[in-house]
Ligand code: HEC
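Below, in structure tokens: the form predicted alone, a single chain.
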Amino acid sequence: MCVSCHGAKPHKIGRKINDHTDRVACQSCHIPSFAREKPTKMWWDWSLAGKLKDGKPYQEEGKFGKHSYMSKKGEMRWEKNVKPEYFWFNGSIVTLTAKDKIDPSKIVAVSRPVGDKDDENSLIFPFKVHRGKQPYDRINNRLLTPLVSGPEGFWTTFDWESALLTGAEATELPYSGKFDFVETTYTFPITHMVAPAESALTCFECHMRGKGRLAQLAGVYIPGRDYNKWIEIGGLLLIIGSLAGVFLHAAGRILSAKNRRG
């Protein structure tokens, strides 16, 4: 982690920022976006693979000179200057295997970060979330592993049923013969592409209400983003009490000075 070399209080200017390092990873502020120079794949839909033109596989080029469609691989979407998504992260990631049950009525997290606000080792950390669709067994509710290469693979036959059956036989995993496609996500922790200090995020980008970067981060009260009537009233009373204390102290000093002169 960054603090291993830079320490937990690396900021000399605006030292209030140092109060964040126990809960916010340095990468969250210092990597405002990733894929700033070269595009990264953000979407991959295998369910659209297998289309042919005049009986032959084809491909289409999209933005950034990257393929937006390939008969072998389906539809893909590439992006640049992507804002990360943020999750609590303690350094561990849970990954599905082909033996794990899934719930196809929901988006399936093929990998997900482990962490929680109550975990002292967890930090708010930036991630790339790759989304797509891939085949699963409709009866056994498991992700499937198709054979894609070779004479019997999907890239040769463009036949999902054959490729999935051959893949199941090769992995020795059960397959009902009934398949469909389910939307999935895969998370990558972002740690490269640290930007210059002047490009780091400002307070407002995380503490704003409604559309800030941490708008979807659950389980924690973030000033500015969140509103709680009692916290707001308590804060206002503290301000009023502090001001009253300052005025009373000043008035006492003035009266005391007059009494001494008198």
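Sequential numbering from 1, following the sequence displayed. This is a predicted model, so every value here is computed, not measured.
Here the subject shifts to the form predicted together with this ligand, a form of this protein not shown in this document.
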Response to the item:
Within 4.5 Å of this ligand in the predicted complex by heavy atoms, the stretch out of 217-225, 50-58, 34-42, 65-73 is 217-225
Worksheet item: Is this ligand in the predicted complex near all of Ala200, His207 and Ile239, within 4.5 Å of a heavy atom of each?
Response: yes
Worksheet item: Does the 4.5 Å heavy atom contact test between Ile124 and this ligand in the predicted complex come out positive?
Response: yes
Fill in: Thr191: touches this ligand in the predicted complex, heavy atom cutoff 4.5 angstroms
yes
Discussion item. Residue by residue through 140-179, which ones have a non-hydrogen atom no more than 4.5 angstroms from this ligand in the predicted complex?
Written reply: none
